[in-house]
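For this one, two forms of the same chain are given in structure tokens, first as structure 1 and then as structure 2.
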Structure 1
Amino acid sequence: MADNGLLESVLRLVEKVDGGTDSQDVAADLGVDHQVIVGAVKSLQALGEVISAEQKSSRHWELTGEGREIAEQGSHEARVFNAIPDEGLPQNQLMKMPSGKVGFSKAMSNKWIRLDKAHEGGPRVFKTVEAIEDTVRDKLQLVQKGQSAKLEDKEKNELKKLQCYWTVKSYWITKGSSFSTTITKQETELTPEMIASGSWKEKKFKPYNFEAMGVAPDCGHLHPLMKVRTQFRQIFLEMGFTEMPTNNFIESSFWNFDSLFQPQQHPARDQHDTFFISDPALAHEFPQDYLERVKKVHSEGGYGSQGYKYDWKIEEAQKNLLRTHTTAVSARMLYKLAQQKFTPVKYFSIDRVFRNETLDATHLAEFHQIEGVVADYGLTLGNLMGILHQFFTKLGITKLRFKPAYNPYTEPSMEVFSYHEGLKKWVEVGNSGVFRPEMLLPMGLPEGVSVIAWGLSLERPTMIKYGINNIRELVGHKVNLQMVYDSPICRLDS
């Protein structure tokens, strides 16, 4: 609350004027900042009917840098007109002037000048009138002198690139029904002593503020990762996708790698990149006819492919592991789709995956993968890029780049990058591509069917939206719980 000396100074100024005064004038008279007077007005309002204050807004106009230049030197078209001598001026010479290009088109539109393209020395510009009236300069000079009220709204709109305005909020202060130039302290509590003595009858009590915010109740808080996960899921559902079941963290190498046409000697299948399970170490239940087709396309080729030409081993395909991507779930769902009459589908999943990564600011060994899959006839890379732009725009991420990439199970393939404002660099947020025929046709899908897919981590978009620079501040034992309490309900821009 403002001190009593300032409050009483304000009240004395209000007392001197009939009909009220503006808070900006009060600030000028007392030589203090306007915001200090605004605080004093609110303090006086809290005392009851001492004053009446009505908030009002006023516009103040001023010229931009270009507007000030025109007010001093004239409009672009006037400068072009004044630069042309009676014998005319070559067009190429006119265009080299600072105001040449803009001024030429506007002067032509005003019919102040004409262009003689057939002139023997080349295109030449001539005046068509003897004198002009520079109305643009005249109007801007009015704004510069603080006389913008003389301009009509239409004229202001025509000059909106050359001037700007800001809105000033102030209070019109008048005397209240209980006006006084002295401040009487108001009581905030009714005590037993006041009731017993009857002194409460002479006391002035501060009005109870029913609009005041109460104490925030203690409650649980959602982690930012879970908030963004919910928003991702909602976006997929809005786009007509169906959620895939992802309740198996442990997967066989067959579904995680082999069904995706990823060769058994691929570096990703090494222990340096994958967590293998020791107990149970092997899986035994596979669709045998499908397994044989996968084995054949790897070792011998087929469906227009020469394959990898190596000795495919069932022992490698049986190895159990912590799934390295949710694409293993997509493979199972596409195989299931192939066993029935084909209908176009759109699938998505959001769940945890595991990789033997080196931990740094943007990598963890355990993270969430978001995956989208669309299967239909005749889908192309253009369809994929379009749906990615739509998908990320719904997230509020508009700065996207695509980079050609290589994946064993997609061709063509693209990495997706988004600009991270905190790290001040482009960060990879996902991978995408069109599933290869060597993956789809052994499942039994029709030949004309294409499947476009993309995957991205949940953590990196969350970091981008919340301005977190280190993934270990978002997930893990170093997370600051206060960040969880203080984070907004949702930062994504729908």
Structure 2
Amino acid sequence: MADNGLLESVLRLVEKVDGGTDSQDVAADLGVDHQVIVGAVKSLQALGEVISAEQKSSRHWELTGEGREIAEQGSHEARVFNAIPDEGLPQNQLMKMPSGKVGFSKAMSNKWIRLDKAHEGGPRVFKTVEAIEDTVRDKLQLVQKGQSAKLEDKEKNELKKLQCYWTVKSYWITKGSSFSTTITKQETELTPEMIASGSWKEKKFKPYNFEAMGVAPDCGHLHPLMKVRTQFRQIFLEMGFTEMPTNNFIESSFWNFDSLFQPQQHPARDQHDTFFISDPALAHEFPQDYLERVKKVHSEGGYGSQGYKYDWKIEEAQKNLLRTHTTAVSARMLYKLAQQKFTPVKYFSIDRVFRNETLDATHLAEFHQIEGVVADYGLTLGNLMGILHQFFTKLGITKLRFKPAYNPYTEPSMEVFSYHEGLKKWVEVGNSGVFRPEMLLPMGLPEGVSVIAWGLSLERPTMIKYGINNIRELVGHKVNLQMVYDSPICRLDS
């Protein structure tokens, strides 16, 4: 830090001028190096609003150390010339001079001197002219006096090649809002003592740098996917949906497929699509009469259905697997519901499901399925679309349309599309449908009861929400913890 004397000298200079002054002029006035003044300006800035200083990269020229030396003592070549007496000087002696090497070749090319290589006693240098004009020195002296404007551009370039001068960045100094010509020492922080003694009233405090970042709080962070899950749970709860017990990753083929009227030859039941379990390989307990009804509706039909007319096998239904959808739990819940006097229900779940699929940037072997189910008398397709409209409105999606689709256990089945303002097109956001009677009636649900349902993945909306392109950066151990630390709170409707 510059001493207070200097700082106050600077302040007194600033006080005298209206509209401010250049730090170079200050340096000239005070007869100190410009860099010293730059340091003083920075010190004054740190004191708060005493001065305001704006950096300028004005085209002012200033000599470097070498430049100053030349301005004072002459150019290297002139110094060489002046060092040579009339009787000449041995070359090796000349070369020992500080300006020897540079000055010798320059003076040679200026034809001020000559070299007699054959001179007895070794090569000797002689003057060739009586007197010289040191133009380099003259020009640099002009620069030193701040009269560089008198130089032509070509001349300036020549000097630049000699690296004798440079451009400077200076400050334009004006009075600050709390300008004063005296310096008071500033306190850095408020202390308990100051509060106790009341001394804070007289003290000046060093201003804070509000441009800097604060210190990060020492805290933990929720995972973004789980933050989005919390919001979806919240939406379902707001809509009066009860959470299903989906904490059973291992499921039998019976509940995962057969109870949903998904035939045993369906490709989804292939080894390529589903993880089967080798230990414990088989489920050993089923509601027996219900199982018989499921078998019958698959193999022979019934309940107004033609059935699939194939040889239904219990062995196939017993095979344990990692559930491929949470709809397996919906089936268990609807079966349970059918075993008591019917009351309307609204169910939801958000939990993991598993697919033995090819993995890529957006697909993993496990993902979270969001599912909503409503069972009541007389529900219509219009009701399904109405409830989907409410659900997606809570996600901030209001423009919906529906496309016919195929799903083995819903009829009708509808893909849900929303209009994406960014992509300017309709994108699929979920699947929905009305559960087939061949699924509901064998469970024992009353004939007039309809069950509507929809599902979507949790990962996709999360990836969109948090701008993540590769699912591995979001889910699993390869997660980028910095992303977890930095991710904002989740409000799906904004």
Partner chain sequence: MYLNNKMLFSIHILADEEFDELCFEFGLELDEITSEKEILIREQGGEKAEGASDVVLYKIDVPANRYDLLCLEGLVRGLQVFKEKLEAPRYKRVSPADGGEPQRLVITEETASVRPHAVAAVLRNITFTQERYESFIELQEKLHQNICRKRTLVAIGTHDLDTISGPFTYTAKPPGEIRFKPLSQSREYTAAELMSLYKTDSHLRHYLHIIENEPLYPIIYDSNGIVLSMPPIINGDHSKISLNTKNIFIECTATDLTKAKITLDMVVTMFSVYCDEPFTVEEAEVVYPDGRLSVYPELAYRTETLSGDFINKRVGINESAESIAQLLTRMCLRSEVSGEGDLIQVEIPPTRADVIHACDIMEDAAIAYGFNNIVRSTPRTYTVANQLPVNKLTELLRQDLTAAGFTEALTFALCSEEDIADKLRKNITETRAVHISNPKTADFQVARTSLLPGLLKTIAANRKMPLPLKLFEISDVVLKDETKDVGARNNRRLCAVYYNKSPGFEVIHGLLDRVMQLLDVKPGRNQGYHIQASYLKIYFNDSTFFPGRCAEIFSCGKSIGHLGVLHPDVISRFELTMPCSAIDIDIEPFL
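Structure 1 provides the reference sequence; residues are numbered from 1 along it. Superpose the two forms; the largest set of C-alphas matching within 1.5 Å is the rigid core. Computed from a predicted structure; not experimentally measured.
Between the two copies of this chain, it is structure 2 that is the form predicted together with its partner chain. Once both forms are overlaid on the rigid core, the distance between the two CA positions of residue 281 between structures 1 and 2 is under 2 angstroms. Core-superposed comparison between structures 1 and 2: the C-alpha position of residue 353 differs by less than 2 Å. Comparing the forms between structures 1 and 2 on their rigid core, the Cα displacement of residue 81 reaches 2 Å or more. Core-based superposition between structures 1 and 2 puts the Cα shift at residue 216 at 3.2 Å.
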